[in-house]
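So this first bit is one chain, no partners, the form predicted on its own, shown in structure tokens.
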Amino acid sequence: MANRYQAVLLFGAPGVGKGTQGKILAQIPGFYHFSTGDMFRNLDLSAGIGKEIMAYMSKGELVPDQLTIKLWRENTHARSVLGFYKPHHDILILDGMPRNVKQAEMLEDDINVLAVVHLVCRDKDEMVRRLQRRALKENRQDDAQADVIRRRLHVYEQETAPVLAHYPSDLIYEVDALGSPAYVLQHILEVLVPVQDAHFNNPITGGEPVSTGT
């Protein structure tokens, strides 16, 4: 379906650097980074859909998948209307979604997945250290506890990791998440440069490359 958003999924466990790489990719013309974590953090919880979501969060309950997808659809549409995200031209870099197989199924009518960049860090202790550093930097002391972090990693393995099996294996590219941001970026771009070239050259979904002003 040509009217679906053309998307690349940034995939991986907490602490592998999805957010860092997503922000870097956002600086490259033709890519638009959408972080679902930022979407929730910037949500107005006093009205509308935010109030619905707050009702679940205040009880310590998980936000239902349907409500999460509804919020994502509204956000994506609003960004396109405002001109921040240009669906015909930009490849959507999705960071943090889908979180489970049900969400992946619900998104099938919304996105055409061009590639899944699977950031892999097989050193669990290193991921714990990364998440601890991030939590302390963001002044979230409770999130810096090793048992809390390991619980998050367990939830990822149980609920999110199975999403990989939802997509064809030839769309999934493993990238080693250990190393400097530039090193990891280099290997992500080895995947995404051909994807972006094919997107621009597609007469249905592509567009003219944007000028960088140079």
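Heads up: residue numbers just count along the shown sequence, starting at 1. Everything numeric in this text was worked out from a predicted model, so none of it was measured. What we label the rigid core is the largest C-alpha set whose atoms superpose within 1.5 Å from one form to the other.
From this point on, the text means the form predicted together with ligand ADP, which you will not see here.
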Interface stretch in the model of the complex with ligand ADP - options 30 to 38, 44 to 52, 161 to 169, 179 to 187, non-hydrogen atom within 4.5 Å: 30 to 38
Exercise: Lys137 in contact with ligand ADP in the model of the complex, heavy atom 4.5 Å: no
Touches ligand ADP in the model of the complex: Gln103 (any heavy atom, 4.5 Å): yes
Any non-hydrogen atom of Val63 within 4.5 angstroms of ligand ADP in the model of the complex: yes
Residue contact check: Lys70 to ligand ADP in the model of the complex, 4.5 Å heavy atom: no
Residue among His89, Arg99, Arg79, Arg130 with a heavy atom within 4.5 Å of ligand ADP in the model of the complex: Arg99
Cα displacement of Leu189 between the shown form and the other one reaching 2 Å, rigid core superposed: no
Residue shift check between the shown form and the other one, rigid core fit, Met39 Cα at least 2 Å: no
Exceeds or equals 2 Å, Cα of Val63 between the shown form and the other one, core fit: yes
Closer or farther: C-alpha pair Glu52/His77 in the model of the complex, relative to this form, given a change of 3 Å or more: farther
